[in-house]
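Here we start with a single chain on its own, the form predicted on its own, put down as structure tokens.
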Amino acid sequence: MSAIVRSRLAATKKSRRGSEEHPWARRALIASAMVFLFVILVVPLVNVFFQALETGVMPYLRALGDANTVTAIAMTGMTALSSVALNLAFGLTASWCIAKFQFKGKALLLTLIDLPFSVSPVVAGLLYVVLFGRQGFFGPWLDAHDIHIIFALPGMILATLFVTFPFVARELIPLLESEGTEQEQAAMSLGATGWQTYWRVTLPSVKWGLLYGVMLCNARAMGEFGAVYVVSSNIAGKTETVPLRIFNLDLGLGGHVAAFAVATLLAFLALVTLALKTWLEHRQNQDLILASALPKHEH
């Protein structure tokens, strides 16, 4: 009997040794991943700032202070702010309905929310041109009432809204589903109204996920190129956003250094987004640890 036990223990140790990678293999995999990230992410990011400051600080500042660049920054801000605000309103409403209620068409609504992930932004921009362009479906009526959507700010907001549509809702839906409905039911049984329950119970429980979704939505909105390019006509000083401004400068309309100077704005946005993402994930993990520890403490 002891011989059988010894043979089984030996077989177990052998299988464990076979399943564990050697230290050199682990180090090689980590080194490969670090080299890949350095070449693909760090080197291009450093190169953007290097090229922007290649001729000195003053040309860099002049490029950022150009009138068309300032207009592009303002257009990007207005487009991103409008699309984020609309997505915030829709994301809160849709995620609450999907996570807390059962209704016909729920699967269809989820599919529509995910639609921008599978449709090219250029196709989305072309769709708005077909609908709201001068020769489009609503074009004659809009032209008769002097309403400008295509080649104007409203069209840029619509195009950006389409590509950022899923971010807030898709971030909140799993969080609200994991919360369940017990807390809301308890609040309403104590006399809280539906509005009070939503603002004081539901929304605080997902505040970090909401901020995370808004942050991703804003970053996507400010970096959008394809859809906005189609609906804006890319008019310098009028319907340019920061990505379109970089594109025009890189074509030789403003200089190589100027293009990289404006590109540093998006690079800086990426760094800020990464820092905020890390902070929000840390805070969300802290809240989850605290929530899991409370029942044990109470018991």
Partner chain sequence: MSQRNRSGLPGFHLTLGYTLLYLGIIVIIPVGGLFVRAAQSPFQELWRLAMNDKAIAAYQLTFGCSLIAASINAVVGTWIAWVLSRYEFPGRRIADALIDFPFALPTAVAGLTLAKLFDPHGWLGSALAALGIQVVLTAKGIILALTFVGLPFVVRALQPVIEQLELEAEEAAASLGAHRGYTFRRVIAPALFPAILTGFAMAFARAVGEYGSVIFVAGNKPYVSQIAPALIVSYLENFEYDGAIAVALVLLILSMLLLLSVNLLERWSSRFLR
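Being a predicted model, the structure only gives us computed values, none of them experimental. Residue numbers count along the first chain shown, from 1.
Not on display, but discussed next: the form predicted in complex with the partner chain.
J.: By the heavy atom within 4.5 Å rule, which residue out of L53, A236, A270, L64 makes contact with the partner chain in the predicted bound form?
T.: Checking each option against the partner chain in the predicted bound form, the one that comes within 4.5 Å is A270.
J.: Pick from L176, L158, A80, L210: which residue has any heavy atom within 4.5 angstroms of the partner chain in the predicted bound form?
T.: Partner contact (heavy atom, 4.5 Å) among the options: L158.
J.: Using a 4.5 angstroms cut-off on non-hydrogen atoms, would L126 count as touching the partner chain in the predicted bound form?
T.: Taking the distances in the predicted bound form, the answer for L126 is yes, it comes within 4.5 Å of the partner chain.
J.: So in the predicted bound form, does I113 come within 4.5 Å of the partner chain, heavy atom to heavy atom?
T.: Close contact exists here: in the predicted bound form, I113 approaches the partner chain to within 4.5 Å, heavy atoms only.
J.: Do P140 and the partner chain come within 4.5 Å of each other in the predicted bound form, heavy atoms counted?
T.: Taking the distances in the predicted bound form, the answer for P140 is no, it never comes within 4.5 Å of the partner chain.
J.: Is the gap between L131 and the partner chain in the predicted bound form 4.5 Å or less for some heavy atom pair?
T.: Yes, L131 sits close enough to the partner chain in the predicted bound form that at least one of its heavy atoms falls within 4.5 Å.
J.: Could you list the residues in 54-81 that come within 4.5 Å of the partner chain in the predicted bound form, counting only heavy atoms and keeping sequence order?
T.: The stretch 54-81, when checked against the partner chain in the predicted bound form, contributes no residue at the 4.5 Å heavy-atom cut-off.
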